[in-house]
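Given next, in structure tokens, is a single chain: the form predicted on its own.
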Amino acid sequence: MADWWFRASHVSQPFLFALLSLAFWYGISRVVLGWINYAAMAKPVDREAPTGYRVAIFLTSTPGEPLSMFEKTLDACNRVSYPHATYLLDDTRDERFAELSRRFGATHLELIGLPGAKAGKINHALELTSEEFVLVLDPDHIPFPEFFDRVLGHFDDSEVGFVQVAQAYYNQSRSFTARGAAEQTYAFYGPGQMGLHGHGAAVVIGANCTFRRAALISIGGHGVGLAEDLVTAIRLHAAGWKSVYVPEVLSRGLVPEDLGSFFRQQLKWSRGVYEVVFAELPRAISSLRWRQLLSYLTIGTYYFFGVTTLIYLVFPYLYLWTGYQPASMRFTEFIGETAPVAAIGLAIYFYVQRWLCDRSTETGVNWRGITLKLACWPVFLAGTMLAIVRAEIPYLPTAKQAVKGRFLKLAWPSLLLIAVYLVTVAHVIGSRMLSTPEASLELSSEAVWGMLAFATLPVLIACPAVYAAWQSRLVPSTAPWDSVDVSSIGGQ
């Protein structure tokens, strides 16, 4: 296909052709890099947890987070069967959090005004505690009683710096956004992370990760930043520590339920990942193995999707309104040449579902996740632009409960795309009926309708995004954790 694509006869406007090639081959590269990652899939051998390890759970709180959520999480931490200590790293200035900690046998550490947000509290707590192993747990995650029994055995290898487990959710059925956001994670927490584990590059997720204290101390503590988990993983791997990924659901947490919260989360991640690519990787490049470097570059360029989507969106309209086109290719020939690659991509997508963490619920065409990702292209683009100008955005925890959002504020990019499409269709039909000579009509027919076909797909995908924005107007009357029975949660 590359031989066909780069033929000189296909170049119409060199600069535009270069941009189109960048977008097109970026997409192909994601298929190739995904397969390279999947080809290394591995699962660690089960190891029984030794007795006598000194273990801690670090749970962080932030002003504005609901007390009732911590009641569920602290109750679950108290039920974890392996002997451990639980620490609540609190900067809420709310005495009720200290009382709740005492009620569930946790130690309350008041850490107020520390720089570095969540990572800053973790690093200061490391100075105040002494346990050999530390589980960093987000306050919205409910650990299963057997959590440490499935994790601690892997630390028998003294070179293992951290053990990460899968992430799953208990609120994904509450909204279209929650279901779509969860669907986006299935492949990553299953075959994706298993491939990274095989390459020796399993990454820290931020929640449900158990660290060897000596490993964190050796790199100066937990990384700080919008992508603090990725920073920490890179530094640990660069320092020579091994990682282990256990593809098991050992806790369940929350996923954003409204589109506004989801967009804010994605903006934070997209801006933070570029920070890692531009600042962290260059410093660690000489210390990472080539497989680790390739894995981190793959992760670090994920959000470039926002730029390539903009290119794809602009070119059909550029041709339909001005006649300028980047490439001179017959539409039917293009479909014929790209179909085998598309088929391979789909085959990979379905084949690797054999390694999903929960095949009973995660397999199939996860169309909500796909459409929600495509709807995020303006957010990814914004993250890219913010990274280029080095603009800072604050570290804000993801909303733990649905936030009522304004429909137009969330849906305007999709609505604008639909409006531009409809105006363009009317313009094309009108101009071809009223002012295009019959000879030109016949010669240009395939190109025009081919370009309209390319413009139609994003519009079809925009419709679920509009629905998600509309649904975000409706805030569930109950908190997602209200219906969770901690005493019965656990097991696969």
Partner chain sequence: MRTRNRLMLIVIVIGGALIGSLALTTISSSSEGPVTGAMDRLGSAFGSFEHAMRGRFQGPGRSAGLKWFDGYRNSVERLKRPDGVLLGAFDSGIPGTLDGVVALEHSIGTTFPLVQIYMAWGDRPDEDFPVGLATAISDVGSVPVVTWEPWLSDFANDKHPQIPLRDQRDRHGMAAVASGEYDFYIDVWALGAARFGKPIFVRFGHEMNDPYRYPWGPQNNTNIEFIAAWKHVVDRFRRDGANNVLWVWSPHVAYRYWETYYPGNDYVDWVATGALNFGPIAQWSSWWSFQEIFGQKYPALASFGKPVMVAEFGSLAVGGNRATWYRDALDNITSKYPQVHALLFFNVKNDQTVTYQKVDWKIDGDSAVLRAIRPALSRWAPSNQQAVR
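Numbering follows the first chain given and starts at 1. Just so it is clear, the structure is predicted and the values come from calculations on it, not from any experiment.
Missing here is the form predicted together with the partner chain; even so, the following discussion is about that form.
Checked against the partner chain in the predicted complex, the residues 433, 460, 453, 423 give one hit for a heavy atom within 4.5 Å, which is 433. Shown without its partner, this chain lists 287, 363, 301, 78 as candidates; in the predicted complex, only 363 has a non-hydrogen atom within 4.5 angstroms of the partner chain.
For the chain shown alone, residue 46 is not a contact residue for the partner chain in the predicted complex, no non-hydrogen atom being within 4.5 angstroms. Remark: residue 50 does not count among the residues lining the partner chain in the predicted complex, judged by a heavy atom distance of 4.5 Å or less. Using a 4.5 angstroms threshold between heavy atoms, residue 156 stays clear of the partner chain in the predicted complex. Although the partner is absent here, residue 441 lies within 4.5 Å of the partner chain in the predicted complex, judged by heavy atoms. Listed stretches are 460-468, 61-69, 425-433, 37-45; the contact stretch with the partner chain in the predicted complex is 425-433, by a heavy atom cutoff of 4.5 Å.
Along 297-318, not one residue places a heavy atom within 4.5 Å of the partner chain in the predicted complex.
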